[in-house]
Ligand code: PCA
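Quick setup: one chain, the form predicted on its own, written in structure tokens, and binding and motion questions come after.
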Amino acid sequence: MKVLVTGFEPFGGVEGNPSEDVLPLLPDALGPIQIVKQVLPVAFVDSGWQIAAALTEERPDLVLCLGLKSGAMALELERIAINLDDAYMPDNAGDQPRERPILPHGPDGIFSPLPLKRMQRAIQSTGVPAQLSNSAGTYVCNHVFYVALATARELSPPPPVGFIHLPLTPQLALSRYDRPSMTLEDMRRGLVAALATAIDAL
């Protein structure tokens, strides 16, 4: 079995991105389950085709995408991706879509099939704060989440897909006017618990 975990490069003038920085800290396997890691660009078009290609080529049994949410106080497990790109600032390629559907004929929203409440409890049992979120936004994180969910539906069997937003690290938080933060070690511990719970549900 195989799990695909993705993160993002830095964006928006922030010098790092914990969703990228935490990837090397995650294990390469959980028991017999291989963990494949990939960093995606913060660009609507490129991130979309790259996550779709990764699902098609890797054929993972589970997909967990990670992203940064400045201001988050916990690991935020996203329930739904919506079919909308509406950027508050340009992406790293200079693209700033306004009220643009991700897939013109796709559903308005797609829910994650992962056992999110169980994953939340598993994270909390490690001492790491976690909460459910009903909006992944309308920026590149939501774009990747939606494309991954839509692509998974075309595969047989369709792998379950989830998305977790991460807080800033303490170092990055200081550069962003003392916003909430979490250490990479806490993120790693919480993510391993979430992954183990998701794998157990397969």
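Numbering starts at 1 and runs along the sequence shown. Keep in mind that what you see is a predicted model, and the values were worked out from it rather than measured.
Keep in mind that the form predicted together with the named molecule is missing from the display, and what follows is about it.
Please name which of the stretches 145-153, 48-56, 62-70, 167-175 has residues with heavy atoms lying within 4.5 Å of the named molecule in the predicted complex. That would be stretch 62-70.
Non-hydrogen atom contact residue 26 with the named molecule in the predicted complex at 4.5 angstroms: Residue-level check for residue 26: no, no contact with the named molecule.
4.5 Å heavy atom contact, residue 35 to the named molecule in the predicted complex: Flag for residue 35 set to no.
The named molecule in the predicted complex reached by all of 17, 42 and 140, non-hydrogen atom within 4.5 Å: Yes, because 17, 42 and 140 each have a heavy atom that approaches the named molecule to within 4.5 Å in the predicted complex.
Residue by residue through 180-202, which ones have a non-hydrogen atom no more than 4.5 angstroms from the named molecule in the predicted complex? If the 4.5 Å heavy-atom criterion is applied to the named molecule in the predicted complex, 180-202 yields nothing.
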